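Shown below, as C-alpha cells, is a lone chain in the form predicted on its own; questions about how it binds or moves come after it.
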C-alpha cells in the first residue's frame, strides 16, 4: 500500500477559494474523478475531483479553509500505485532519494492526467484560433472606458451589417443612469456582424461589432471552447514542459485543519431554516445584501445548491411582479391605484426614456430624504441687462452669444465661496460635514430624453466669456446625447433656470448629496418704488431650496441676499 497526495488542481487563477463542503470522509473508497470538496471563490463554486483512486487515509482541510492551486487536500492509499512501484523499482529501499523522486513524479503525472487536460485543451484551442486568425482582417470593437463599472443599456444601433464606416463614426448609443453616449468606431471598415441589440446590457470591454478592416491582422478576442479531452501526445508534451514547476508546487506543507474564526460561527442574520440550506458564504452574503429569504429560492446547482445566478433570477422575477398597495421602498406610502384610461376615450402609450425614469427616482429619493425649505427673492438686474446688451457687438466679434446665465452662474460661485456651507455635503451618518474647496456648478438642461445636469468646473476661476462658451457647448452636447459621465459629476451646487419658458417662481428639489439648489424664473419689467416714485426695473425671481439639516434660515438668507446684491451691481462681479 502507498499513500498518495491529492492537491488542488488549476482552478483558473482563483486565490484563497473557501472550502464550503467536504464530500468524503476518512475510510471512504473513492474513484478517479470523484468529487472531494466544494470550493467557492468570489466568482464561482466548483467541485474538486480526485486525481487518485483508493481509500482516504487522511483529510488535510476543513470547512472554512482558504485554498489555492497546489494546496494538499487529502491522502489516498492506492494499492495500484504500490504494485507499480514494487514492480518498477525492486531496490527502491536502498535508494530513498530515488524513491521520493519516483513518487513525486508519479503524483505529478496523475494530477496532470486529471487536471491539466482542460488547460492543455484550452491552450491548444487558443493557439489554433490564433493561427487560424493570423493574417485575417477582422477587428472586434469593444466598449471603451465609459466612466462606470456597471452595466449600461444599448438604446440605439447606428449601423447595420454590411455598412461601411469610417474611423470615429458612431456605432451604438449607450445610456447609463446619468447620460447617453455614442460609441465611435476605432477603425474604418465594413460591419461584418453586430454582437449586441437594442436593450442589451454591456460594460467596459464588452464586444459591440466585428469589422472587416483591410491590411490589419485580427484582434478579435475569442472565448476558449468548452474543455474536451486532449490527445495523448498533447498531454505528454504538457507533462514534459510543466513537470519541474508542477513537482515543486506539490511539495507544500499540510494545511491547518482548524477553520478560521470567521468560519466557526454562522452569521447572526441567518435564520435556522436558512442556515440548513445548501448554499455558500458568498451567496449568503449576497442574499443578505438583497434582503432575500433563502428559503424561498430554488437552487439549480449540484444537489440543489443555491448559486448566485439563482439569486439574480429570483430578484428579477420579484421585481417584475406587480407591486402591492404599499411602496416597495419600505416607506409605507400607499401607491396611486392604476386606472384604465382607455375606457374614457382614445389614448396613446409611450415608454419613458431611461434618463427620465432615473431622474424621477432620484427626485423621489431626494424629496423623501431631504427636509426641504425654499426661500424666494427678486434680483434687480436692470443694470446687468443694460451691460449685457452693450456687449452684443463684442459677442458677435468673438463668435459667441451672451445670455444672462453666465452672469448668474458666476455670481452664484462668488456667493458660494462666501457661504461655504451651501456647497458642503453631509458625511456618512450625518456626523460631520464635508466642505469642498472647489466650485463646480451643475446646470440643469431640458432635453428630449429628459432632464440632465452637466457640470461646469471651477466656475470661480473663469471669465464671463469662458463661462458663456462652455455653457453653450455643454447644453448642445446634452441635447445631442454626447455628454460623458465625467461631464456630469462633481457638482457642489445646481442652478435650474426656466429661462424664457416663464413662471414667477418654483420650488426646485435639492440634488442630493448637494445641500442646496437655485431656481431661476423668467425676468420681467415691473414698477418698483425707489423712495420717491415708481420706476421700471427688470426683476429676476429667484428660488433657493436647501437641506434644512445642514442649512438654516440664516445661512440661506445670507447667501440669497448676497447673490441678489451681486446681480444688482454688475461692478461687484468685476471685483472677483
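Treat the numbers as computed from the prediction; the structure is a model and nothing was measured. Positions refer to the first chain, counted from 1.
The same protein also has a form predicted in complex with a small molecule, omitted here; what follows describes it.
Student: Check each of 317, 461, 285, 392 and return the one that places a heavy atom within 4.5 angstroms of the small molecule in the predicted bound form.
Tutor: Of 317, 461, 285, 392, the residue with a heavy atom within 4.5 Å of the small molecule in the predicted bound form is 392.
Student: Taking 4.5 Å between heavy atoms as the contact cutoff, choose which of 171, 444, 74, 306 touches the small molecule in the predicted bound form.
Tutor: By the 4.5 Å heavy-atom cutoff, the listed residue in contact is 444.
Student: Heavy atoms within 4.5 Å of the small molecule in the predicted bound form: which stretch in 162-170, 365-373, 285-293, 493-501 meets that?
Tutor: Going through the listed ranges, the match is 493-501.
Student: Examine residue 544 and determine whether its closest non-hydrogen atom to the small molecule in the predicted bound form is within 4.5 angstroms.
Tutor: The answer is no: residue 544 has no heavy atom within 4.5 Å of the small molecule.
Student: So, residue 404 and the small molecule: in the predicted bound form, are they within 4.5 Å at any heavy atom pair?
Tutor: Contact with the small molecule, yes.
Student: If you check in the predicted bound form, is residue 522 within 4.5 Å of the small molecule, heavy atoms only?
Tutor: Yes.
Student: Indicate whether the small molecule has at least one heavy atom within 4.5 Å of a heavy atom of residue 457 in the predicted bound form.
Tutor: Judged by the heavy-atom cut-off of 4.5 Å, residue 457 is well away from the small molecule in the predicted bound form.
Student: Please state whether every one of the three residues 451, 475 and 540 places a non-hydrogen atom within 4.5 angstroms of the small molecule in the predicted bound form.
Tutor: Yes: 451, 475 and 540 each sit within 4.5 Å of the small molecule in the predicted bound form.
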